[in-house]
Ligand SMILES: Cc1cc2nc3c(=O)[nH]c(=O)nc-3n(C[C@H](O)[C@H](O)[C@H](O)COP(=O)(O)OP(=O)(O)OC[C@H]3O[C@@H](n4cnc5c(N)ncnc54)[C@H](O)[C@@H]3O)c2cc1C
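For reference, the chain that follows is the form predicted alone, supplied as structure tokens.
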Amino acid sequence: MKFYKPKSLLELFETSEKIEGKKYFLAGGTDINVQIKNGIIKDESIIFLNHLTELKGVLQSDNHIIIGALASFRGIIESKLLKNKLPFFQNSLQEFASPLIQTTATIGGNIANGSPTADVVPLLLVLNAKLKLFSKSKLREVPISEFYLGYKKFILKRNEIIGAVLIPENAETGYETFYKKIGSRKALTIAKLAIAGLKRISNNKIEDIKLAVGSLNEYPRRLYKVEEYLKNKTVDEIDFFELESQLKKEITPITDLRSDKEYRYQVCVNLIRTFLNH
């Protein structure tokens, strides 16, 4: 196993291009270090990048809040800019992992790890976030809703990294918000399921609604069919049998060590009902 510590972004990409075999980009290391310790990662090359200041910080530009991929969750939770502009997003992450992990884990790592349980992704989905992807010669922006192709599969090209997360600064404005993470315990829990929601009511009707879930598919995703069914209805007009019919088209919960698929499905239905009646 070889470790590399490039001095700049340019050197990072030049180093990455020279490595022919499989490689990992190491930021906070809260997941990769466990895999190394358990022998899952043995001979691959590791490129350390958590010291690159170009990928850190939280700032405002062009009507967006830009969160560097190497911003730690502690930095996000303590950001005055996020407290002012995106309080729902910030508050929803207050119970992310432990204080120690909050200090080391990065938002880019949480996204790029590709876990179905990634805490931050359902929130970013309902906030219409985009990812800024960096390579040596190109910079591109993609909606986070298009980033995942399957379980731990992404649209990232070889030698391309997540550079930043972009969230419209008014993404929460005028919406009622909802976030719930269900686990076996309050602290350090891995979600059995998580749901994030935004809704805007006008004349007692649901003018707009955005819902996203985690731990119910091979990667977190928006519930577009459910959203479409709910729009322009009052709560009394909602046929919950039809809502569940649409939901079944969009989630594929599984049974694993943390929970069973029937529990995950029913709790998801209950949480959607709670949000709609809130």
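From 1 onward, residues are counted along the sequence shown. A quick note: this is a predicted structure, and the numbers were derived from the prediction, not measured.
Same protein, other form: the form predicted in complex with the named molecule, not shown, and the subject of what follows.
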| query | finding |
| --- | --- |
| Touches the named molecule in the predicted complex: residue 159 (any heavy atom, 4.5 Å) | no |
| Contact of residue 117 with the named molecule in the predicted complex (heavy atom, 4.5 Å) | yes |
| Partner contact for residue 89 in the predicted complex: the named molecule, 4.5 angstroms, heavy atom | no |
| Interface membership of residue 181, the named molecule in the predicted complex, 4.5 Å heavy atom rule | yes |
| Contact stretch among 75-83, 96-104, 135-143, 201-209 - heavy atom within 4.5 Å of the named molecule in the predicted complex | 96-104 |
| Answer option from 44, 244, 31, 54, heavy atom within 4.5 Å of the named molecule in the predicted complex | 31 |
| Residues from 56-72 in contact with the named molecule (non-hydrogen atom within 4.5 Å) in the predicted complex | 69 |
